Ligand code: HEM
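Only one chain is given next, in structure tokens, and it is the form predicted on its own.
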Amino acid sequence: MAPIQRNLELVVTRVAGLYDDFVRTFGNVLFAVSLFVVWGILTLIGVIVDQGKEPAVYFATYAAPIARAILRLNLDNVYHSPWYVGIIGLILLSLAVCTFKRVIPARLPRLHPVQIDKIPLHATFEANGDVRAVRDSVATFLSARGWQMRERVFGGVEWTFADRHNWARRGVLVAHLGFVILAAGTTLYWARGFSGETAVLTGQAVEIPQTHAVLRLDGFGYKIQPIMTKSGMVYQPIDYVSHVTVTGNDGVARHETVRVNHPIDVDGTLYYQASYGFGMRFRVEHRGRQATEISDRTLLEGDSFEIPGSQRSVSYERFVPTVDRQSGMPSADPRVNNPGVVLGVVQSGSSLGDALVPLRTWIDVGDGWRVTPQRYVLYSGFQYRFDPGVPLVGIGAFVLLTGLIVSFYFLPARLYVRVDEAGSGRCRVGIAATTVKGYDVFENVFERLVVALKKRPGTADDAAAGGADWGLAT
């Protein structure tokens, strides 16, 4: 049995050591701050790097090593990545350890006797009367000024404990609870929420893959206001308006209007006006004969098409609303007046250059192929988002703010009072004070409290001598 007992003790010792290391690590403030820094960096990456795109988009936007790193580390879907969820889990674990091992013991200390003279804020004075009368007088004095009084006996010695704003000790706990609610809201979005974007041509209908809602763009309009400034003419966008017909889960088609910062709600999913652009129809001909399959397509900026029977492709780079008639160059005016397009030609992966082609003129791309921009179609870019965690995030933010206000603007304090016989009908009163924010912030209040207590606590003379003034000061 002795070896078994020794092995058991060894296991218990090792487990206790691991537990102590765990508490020491996750209860460390610098460790918690480091976790928040990592969380902030991952969140920032999610803002900078477009989420949920095709791999080709990242290789077109970033250098190949960076694009590969984004894809391999799952940074193209960072909010659903194991890194992001894991760091939130570690933060919650650290908060739990800090709360139960550091915050609660510090903020909600148990009632216990102390060595009065060992606490920085302390005072000792003598008063006439027996122990019970003096103790009652002190308790009456403090209770009349809003202190919560409690009495305990330790080792045959009676102590009086007085607390002011004791409820405010829980401010940090409330703040921690607020962060937990915030984390729950973000986790709920991770588990059930989604977001995306889509471009809809005028007259076209698209189905949202996550909800199967149908969105048809009936018409799109925008307003541009020219403003003359010292540096020249500036064209200020005033309004983007999409007139849409949406069909949700109920199968009922409804006409809606989407404006910037005024989304519409379809079955709990919000649709935002994000952008707009110009789709383009091209007439593609080979030695006078039209290539119907290509000509029937409507291309968006960035789209391209292959030239049949060759390794050449033509890309629709961007739409130019106004081509200056004198210089033949793009104008800064975003209003449509003498429009054109910028086309790029690529041969076997190598760019052959770009060209500005006014509408209804043509460009020869070689081997008898001719491309003519024929007509443009406005399209509207929508972003959609379903986030079931929004109510929790709002509640969590409110709870967190409430906890911070309580923690910063209220000062919980505790008084330790001991009354002992001093002989000849006198008593010795020892009083000490502690707060959750150090001693300096309470020093002046404590000094006025001691002065008031020395002036016959609990009598009418005391109020005239300044006790009432101290009560206002706290």
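This one's a predicted model, so the numbers in the text were calculated from it and none came from an experiment. So that the term is clear: the rigid core is the largest set of C-alpha atoms that superpose within 1.5 Å between two forms. The first residue of the sequence shown is number 1, and the count goes up from there.
Keep in mind the form predicted together with the ligand is missing from the figure; the text below concerns it.
- Contact with the ligand in the predicted bound form, judged as any non-hydrogen atom within 4.5 angstroms, is confined among 354-362, 109-117, 241-249, 94-102 to 94-102.
- None of Leu400, Ala133, Val260, Ile294 but one reaches within 4.5 angstroms of the ligand in the predicted bound form through a heavy atom, and that residue is Leu400.
- Among Phe179, Trp369, Tyr235, Phe305, the residue placing a heavy atom within 4.5 Å of the ligand in the predicted bound form is Phe179.
- Taken together, Leu404, Ser407 and Lys437 are fully in contact with the ligand in the predicted bound form: each brings a heavy atom within 4.5 Å.
- The closest heavy atom approach of Leu217 to the ligand in the predicted bound form falls outside 4.5 Å.
- In the predicted bound form, no heavy atom of Ala422 sits within 4.5 Å of the ligand.
- Contact check for Ala60: every heavy atom lies farther than 4.5 Å from the ligand in the predicted bound form.
- At least one heavy atom of Val29 is located within 4.5 Å of the ligand in the predicted bound form.
- Shown here without the ligand, the chain has Val172, Ala175, His176 in 150-178 lying with a heavy atom within 4.5 Å of that partner in the predicted bound form.
- Relative to the superposed rigid core, Pro109 undergoes a CA displacement of at least 2 Å between this form and the one not shown.
- Compared with the form shown here, the C-alpha atoms of Leu30 and Gly438 sit at least 3 Å closer together in the predicted bound form.
- Panel note: the distance between the CA atoms of Leu35 and Ser195 is larger in the predicted bound form than in this form, the difference being 3 Å or more.
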